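Just one chain is shown here, as structure tokens, and it is the form predicted alone.
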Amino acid sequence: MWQMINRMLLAWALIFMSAKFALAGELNPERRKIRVGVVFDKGGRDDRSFNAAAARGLDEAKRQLGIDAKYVEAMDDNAYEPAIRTFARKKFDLIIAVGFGQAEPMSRVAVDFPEGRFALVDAPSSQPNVRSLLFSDHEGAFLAGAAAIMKSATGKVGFIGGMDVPLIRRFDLGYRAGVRHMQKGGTTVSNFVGVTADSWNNPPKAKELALAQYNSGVDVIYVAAGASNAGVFDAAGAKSKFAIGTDSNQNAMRPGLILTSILKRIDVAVFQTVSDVQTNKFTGGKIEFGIANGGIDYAFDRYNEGVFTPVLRSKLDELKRQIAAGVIKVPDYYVEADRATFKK
């Protein structure tokens, strides 16, 4: 019962903050000035996708809450820990690491600075002073798969992931499930940009993969590859085929060819965490965002209104209701991988 109430409260909070984040600064003028440090992954702050979603939350916190904020764009994996540790040594009130690749560096720093407060996007942490901001990416990918196959004229759709890691396999599995749910005979082709962190910022490689998929008969591609998404959108433009964006609303990057974007409300999660630190309500542990509480959704605006038809939107809204109610159980790669390991 309490779990249901908490989910409802979180859902209302997300809806409210999505419209105007919060009137926090106006409602509570006594909020204290805090310093927030953010470490973005290799895609960079302005990747127009994953990191950009976190950056919007940070910018809104600066505007609404009057915080001081600094950020670092890590050039390689070895830069994560020094950046996080520098913020900790300077006693920033909150340090946010954007990306699962920062899980281990953040945990090491959190142990060394037990009085510090940390937030980690896309990965769990066992440290009590770390808040893990987790998202049901597989649910959003399911919506993308359903939309893709409904729009497809060939019955053949594609997925392009960034780095070949469990998180992106989770996208792939959810996408395939959405395709199968809407069309049993639908075909899905999957590729990954690479196996290193450079995969998040390699548009030329993503474009090459997308062109190959389009040439094979694919006519809609869902991409979850950070800054590499731009390469898929270029290929969609070259072939006049459809693509689906992710994390941020990317519809404007190729108006009329980006069918929709699957939204991952990292901006809301970041804003709320900053607000909690400022009002001394911060706690560690996991907070999960999915379709049921508004943490995952799809984008509809003037850039895709001509191609994302009312029939498509109506069907996706119905799928959202069924997922939220537990009628549809979207397969989760994390769970499936655990089962496979257990069976061994």
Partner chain sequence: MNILFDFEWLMSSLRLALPLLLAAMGGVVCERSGVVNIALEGLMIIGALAGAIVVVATGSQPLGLFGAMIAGAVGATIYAIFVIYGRAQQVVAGAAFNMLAIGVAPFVTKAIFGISGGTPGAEGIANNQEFSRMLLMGVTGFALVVPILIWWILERTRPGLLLRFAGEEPGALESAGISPRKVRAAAVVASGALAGLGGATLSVLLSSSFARGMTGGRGFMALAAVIFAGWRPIPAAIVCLVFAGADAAQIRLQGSDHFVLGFEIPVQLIQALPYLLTFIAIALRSGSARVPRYLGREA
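Residue numbers count along the first chain shown, from 1. Note that the coordinates shown come from a computational prediction; the quantities given were computed from them, not determined experimentally.
The same protein also has a form predicted together with the partner chain, omitted here; what follows describes it.
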Selected contact from 106, 74, 268, 168, since only one has a non-hydrogen atom within 4.5 angstroms of the partner chain in the predicted complex: 74
With the partner chain left out of view, which of 68, 46, 305, 318 would have a heavy atom within 4.5 Å of it in the predicted complex? 46
State yes only if every one of 42, 164 and 205 has a non-hydrogen atom within 4.5 Å of the partner chain in the predicted complex; otherwise state no. yes
Just to confirm the contact call: exactly one of 96 to 104, 142 to 150, 230 to 238, 114 to 122 touches the partner chain in the predicted complex at a 4.5 Å heavy atom cutoff, so which is it? 230 to 238
Examine residue 215 and determine whether its closest non-hydrogen atom to the partner chain in the predicted complex is within 4.5 angstroms. yes
Using heavy atoms and a 4.5 Å limit, would one call residue 211 a contact residue for the partner chain in the predicted complex? yes
Give a yes/no on whether residue 138 approaches the partner chain to within 4.5 Å in the predicted complex, heavy atoms considered. no
Does residue 254 reach the partner chain in the predicted complex, with heavy atoms at most 4.5 Å apart? yes
Mind listing which residues of 126 to 163 have a heavy atom within 4.5 Å of the partner chain in the predicted complex? none
